[in-house]
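Let's start with one chain on its own, the form predicted alone, as structure tokens.
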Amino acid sequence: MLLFEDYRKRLTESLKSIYPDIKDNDVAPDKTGHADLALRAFSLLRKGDVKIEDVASRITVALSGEDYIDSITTSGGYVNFILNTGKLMEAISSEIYGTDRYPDVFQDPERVSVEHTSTNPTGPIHIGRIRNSIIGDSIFRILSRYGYRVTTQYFVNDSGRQVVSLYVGYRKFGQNDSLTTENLLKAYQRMHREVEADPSLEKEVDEAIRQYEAGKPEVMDDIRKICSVILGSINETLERLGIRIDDYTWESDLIRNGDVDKILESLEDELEDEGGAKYVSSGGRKMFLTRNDGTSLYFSRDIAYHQYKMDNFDWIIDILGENHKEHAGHIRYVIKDLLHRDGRLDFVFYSYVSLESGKMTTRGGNIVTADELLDRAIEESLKIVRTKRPELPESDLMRIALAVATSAVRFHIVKLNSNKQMVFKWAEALSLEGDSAPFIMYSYARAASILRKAGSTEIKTEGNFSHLESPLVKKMYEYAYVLHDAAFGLKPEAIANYLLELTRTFNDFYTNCPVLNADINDRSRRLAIVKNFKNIVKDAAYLVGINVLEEM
């Protein structure tokens, strides 16, 4: 949980002591520009002949001793509160100077599982799927920053029809080739084409599935070996983006150790039969757990996996493509209504990313891999950096280009609401002036430059803040609330959009408020503002995968 001087909470509690019917959500940040916080007073005005001016007058008298409030006004059905900039600056600085971050945090004992990526190990991860990894990793970072004990997980599908098709395809068409991701992908795509031409080849896949679920060691071991090769390449791609996975759960282990059988036993009273295939039903929908030959389906294995997570975590979060909404609903129904598990279970759905060339599929071969996307981003970033900083040695140019490229890719994807479809556009992602990672990185570097040039000059946080300084201080103070909302709403885009707002506000401050050339009092106060800005940007940028640099 977050620890900071929560003036919104303090104001809400004071208002409740005056008007007990006020709800927590009646007091919120004002987005109209009239105030910092506003009380929505409509429920109070409906009770008798009460005017908004009367409400404001009563509140003004009651809060006259509160030094964090500068003024109280009204507009429509709202009571508006202007907060004292000096008190907000004090709240930010006391934590940054004490713990080196605002807001500080207290470790929450709850254990959280964030499952993301989990793409089938049948080929390299492509741009259409990388949004899963980026959203999942940002949620992991945000919840960890909030104080939760978070573990990231990858559910490795080494048991389904697709990976068995990969295994059969490699045995038929790739045995003479070395065991590499590239050769496996070629064999998989050829198998897909051959099955389309001759559907009878599916019988070979069916037989391999039966051998697999019967526990034939050479089949299970060969499939895991093949999947491990591709999983290794997927992890290398994730590492390039600064994404790590803590735990891997292999589907085959759930079959080997009997967890799938235990699920079927637990659901025995709910199971129905259709030609030997077992299913559970809800609302007229049949959810099959086994085939008619008794082999398990992905649904039963996923239930077993969620049962395992329920045993080990207090809060389970799955990042899933939008085409998995129905499956997620079935999982929730079985876990909650049939198995009666109490843990918190949330799903975050996302739409896929595409390039202007269109959609991509691994089986069809028309994919753009995440590695190709990153390589192109590095190439484009290097061109820009060379133009901006031609005097730098090649090693520094490449270091900056790498940071810009990975940051640009991650931020361009995470800043958009996950439910919205997106087309990746190079010009927008790499812009130094638009809503991009480089735009934020450049402002951070500018703040770092100001502090370097200031040297060991004394920095003071007190003083009379002008109307040109206050917006930045108040925007910085807002960070704690944005972090709270992002954590509980599982919305990393809230951090991304806050960063853009904060950076724009800093740029206005930089344009209108000289720092190094200001008089001694203004200079020391403004240096404190810049220092706090730099600290908060670095903290928030990490949460959405931006690698800030001291110099660009």
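The structure presented is a predicted model; accordingly, all values stated were derived computationally and were not measured. One rule holds for the numbers: they count along the sequence shown, beginning at 1. Between two forms, the rigid core is the largest collection of C-alphas that superpose within 1.5 Å.
Keep in mind that the form predicted together with the RNA is missing from the display, and what follows is about it.
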item: Exercise: Asn84 in contact with the RNA in the model of the complex, heavy atom 4.5 Å; value: no
item: 4.5 Å heavy atom contact, Tyr442 to the RNA in the model of the complex; value: yes
item: Partner proximity in the model of the complex: Lys47 to the RNA, non-hydrogen atom cutoff 4.5 Å; value: no
item: 4.5 Å heavy atom contact, Pro438 to the RNA in the model of the complex; value: yes
item: The RNA in the model of the complex: contacting segment from 185 to 193, 294 to 302, 103 to 111, 340 to 348, heavy atom within 4.5 Å; value: 294 to 302
item: The single option of Asn120, Ser252, Thr181, Ser93 touching the RNA in the model of the complex, heavy atom within 4.5 Å; value: Asn120
item: Position in contact with the RNA when the complex is considered in the model of the complex, options Thr369, Thr152, Thr290, Ser233, heavy atoms within 4.5 Å; value: Thr290
item: 4.5 Å heavy atom contact with the RNA in the model of the complex for all of Asp30, Glu428 and Gly434; value: yes
item: Sequence-ordered list of residues in 148 to 175 near the RNA in the model of the complex, where near means a heavy atom within 4.5 Å; value: Asn157, Gly160, Arg161, Gln162
item: After fitting the core, Arg344 CA displacement of 2 Å or more between the shown form and the other one; value: no
item: Core-aligned C-alpha movement of Ala197 between the shown form and the other one reaching 2 Å; value: no
item: Leu432 C-alpha shift between the shown form and the other one of 2 Å or more, rigid core reference; value: yes
item: Cα distance between Leu432 and Leu238, which in the model of the complex differs by 3 Å or more from this form, closer or farther; value: closer
item: Pairwise C-alpha change, Ala377 versus Leu432, in the model of the complex against this form - closer or farther, 3 angstroms or more; value: closer
